[in-house]
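Have a look below at one chain only, the form predicted alone, in structure tokens format.
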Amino acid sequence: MSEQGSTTLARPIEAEEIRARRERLLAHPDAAGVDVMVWWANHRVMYLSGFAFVPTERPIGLAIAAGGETVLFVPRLELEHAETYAHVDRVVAYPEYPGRRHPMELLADELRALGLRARLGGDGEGYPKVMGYRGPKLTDLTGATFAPLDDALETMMQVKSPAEVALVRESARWAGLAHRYLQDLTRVGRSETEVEDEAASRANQKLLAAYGGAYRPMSWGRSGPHAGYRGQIGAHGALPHSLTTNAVFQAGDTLVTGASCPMFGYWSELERTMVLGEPSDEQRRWFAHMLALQDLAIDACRPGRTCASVDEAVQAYVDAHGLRDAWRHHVGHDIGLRYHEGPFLDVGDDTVMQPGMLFTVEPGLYVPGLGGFRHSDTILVTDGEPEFLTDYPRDLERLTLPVG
């Protein structure tokens, strides 16, 4: 991973692409007969409007009329925020939640004005129960029937545009830099928290030097490049979704990492297995199996094949080599505006892979008393060979850390 800034800085998704997404959605067969759509989930609102926000008990919804008119419905405190960033025709603000008149009642009036008569579509009949929210359903207030369209939109979101791929690629570039700092700073006697904080700080300084004020994470989570261990240190690494324990690094530790960087709302995933000091024979054996599994899975990510076939190939290797006791989870997942998206590289997912799909490929093996063994790379399905968007060493030699 080079520490040099990009020659071309990434930019957020343009308004033209966002409008094209809405047009494709309106033309979807499942949307036939729908007068107005309303979208609630923050990542879906962002996908269809460009507006990134933190969901609270105050409802925020994107209404799209059959004729294409768009209204973003927000609380008063979000009005200027939405007007600055949302690519919509109008922003309508209500005073507050719950208010003297409930926001859903006010939204029902707006939907009628947009042409709602009989059929409402979207991803819910009312705002979800976020942070204690309560309220009536729009179908009860308007008498309209409801057509769920979330599956149609999710299918659209599975295949990324060139602009989306470029943002994930740039995310991966900065994730690699944060990981390089993490690897270089990890030493016996240091704690995971101090190493993670220093790695993130150094990587963020580089990013801000390259982007200045042009960088926006557009994320309701972390900001900037970061890398860490999430407690997956030594024997604790056998817990694949562990939490930080602020462990102190010791010679012989097996280490499992994770790195990413929100880039105008889009994410990548980079994970590596490292060893602190000369690897033992057992560590070498499990590392070799893990790397063989990932090689096998990446090679299987090709158009026309099913997501299930990737996991089936991995599990066949697991069984052939007697590794079943160390297996815990499927191979990976799509990634984009959310860190986890569908489809999934799982024996139960028969989605056919297409060029433009992005997957984390991360088969893992977990050995009690020894630790976890998992690499994750973000892979683009192309017309030919799978393409790595993450770029970081994968061999044990370059992932062995000195103890001095």
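Note that residue numbering begins at 1 and tracks the sequence as displayed. Because the structure is a prediction, the values reported are computed rather than measured.
Not on display, but discussed next: the form predicted together with another copy of the chain.
Annotated contacts: 57, 222 and 330 all touch another copy of the chain in the predicted complex [non-hydrogen atom within 4.5 angstroms]. Between another copy of the chain and the residues 304, 143, 132, 189, the one pair within 4.5 Å by heavy atoms in the predicted complex involves 132. 78 is the sole member of 271, 170, 78, 164 with a non-hydrogen atom within 4.5 Å of another copy of the chain in the predicted complex.
Stretch 90 to 98 is the answer when you ask which of 256 to 264, 292 to 300, 90 to 98, 113 to 121 has residues with heavy atoms within 4.5 Å of another copy of the chain in the predicted complex. Looking at residue 109, you'd find every heavy atom of it more than 4.5 angstroms from another copy of the chain in the predicted complex. In the predicted complex, another copy of the chain sits within 4.5 Å of a heavy atom belonging to residue 347. Another copy of the chain in the predicted complex comes within 4.5 Å of no heavy atom belonging to residue 184. Using a 4.5 angstroms threshold between heavy atoms, residue 239 counts as touching another copy of the chain in the predicted complex. Residues are counted as partner-facing when one of their heavy atoms sits within 4.5 Å of another copy of the chain in the predicted complex; in 173 to 196 these are 191, 193, 194, in sequence order.
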